[in-house]
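Next up: a single chain in structure tokens, the form predicted alone.
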Amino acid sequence: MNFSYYPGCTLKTKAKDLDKYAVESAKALGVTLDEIGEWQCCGGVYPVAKDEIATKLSSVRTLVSARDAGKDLVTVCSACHNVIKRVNYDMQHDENVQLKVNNYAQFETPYHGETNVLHYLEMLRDVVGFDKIKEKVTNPLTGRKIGAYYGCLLLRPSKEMAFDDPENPTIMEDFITALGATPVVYAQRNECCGGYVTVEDKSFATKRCNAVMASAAEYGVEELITACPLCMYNLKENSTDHQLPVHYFTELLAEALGVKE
């Protein structure tokens, strides 16, 4: 199994563990992640203005690179995945965006959204299979009560992302089960951590993170996992109540597969 791989900026700086454990775990599962050459920042945030084209170009270049390599594109960071998946949706469904992007970029072959974009979790579920992962586990996380923190970006907007049920997702709970741990469903698992608002109003992010932590603790969660570097930052730095351990989901995968350092 071979995929084009887009790590994104944060996975090369503040979230190196998210990237490292994703790559090492993939190898253990027989999956090759070929990092896109000369990739650029996805933009960090999807531009909502209908006439905004320039900030979508780097995502389209990544999508074109994967298409030309003949591979599906795998992402890990929730924010990068949200931006690239939504830009790809635009290139599939918005003729105005298609026209302007292709006229400007002058790709050898015009791009119209041909690349299939998968989040790493979708790759585990739909390509490798959670049953196969369960067979590969050498260090089952038995007895650990783990809560999945989805946040906003993996699930919404649901039409464009098509990741899971935005109100009652199960993919991360199924992932936890495959590793031998006990998933704990709690009320705030798909609510916002405060996101980028923390830059201007840290008190709001603190309020949101405390709500997530309190909800998780109330339901008996002992540790949280996330796919989002921003969520990781907010939950660790802006929570003042119920300080639960927070890990990247790839770290627990690497631990269960026996490839964590």
Partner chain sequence: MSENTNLKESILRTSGVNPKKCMKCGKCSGTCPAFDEMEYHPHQFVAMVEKGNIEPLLNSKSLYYCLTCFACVERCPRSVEPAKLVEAVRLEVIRQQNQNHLTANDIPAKLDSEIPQQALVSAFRKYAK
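The structure presented is a predicted model; accordingly, all values stated were derived computationally and were not measured. Residue numbers count along the first chain shown, from 1.
The protein also exists as the form predicted together with the partner chain; that form is not presented, and the subsequent description refers to it.
Contact annotation for the candidate site: G43, F204 and C228 all lie close to the partner chain in the model of the complex (heavy atom within 4.5 Å).
This chain is displayed without the partner chain, yet in the model of the complex the stretch 49-57 from 49-57, 212-220, 65-73, 27-35 comes within 4.5 Å of it by heavy atoms. Contact check for I133: no non-hydrogen atom falls within 4.5 Å of the partner chain in the model of the complex. Contact check for E167: a heavy atom falls within 4.5 Å of the partner chain in the model of the complex.
The partner chain in the model of the complex comes within 4.5 Å of no heavy atom belonging to E114. Although the partner is absent here, W39 sits far enough away that none of its heavy atoms falls within 4.5 Å of the partner chain in the model of the complex.
Distance criterion of 4.5 Å from any heavy atom to the partner chain in the model of the complex singles out P157 from the list P140, G129, P157, P110. A heavy atom within 4.5 Å of the partner chain in the model of the complex is found for one listed residue only; from A181, M172, C152, M91, this is C152. Along 6-30, these residues reach a heavy atom to within 4.5 Å of the partner chain in the model of the complex: T10, T13, K14.
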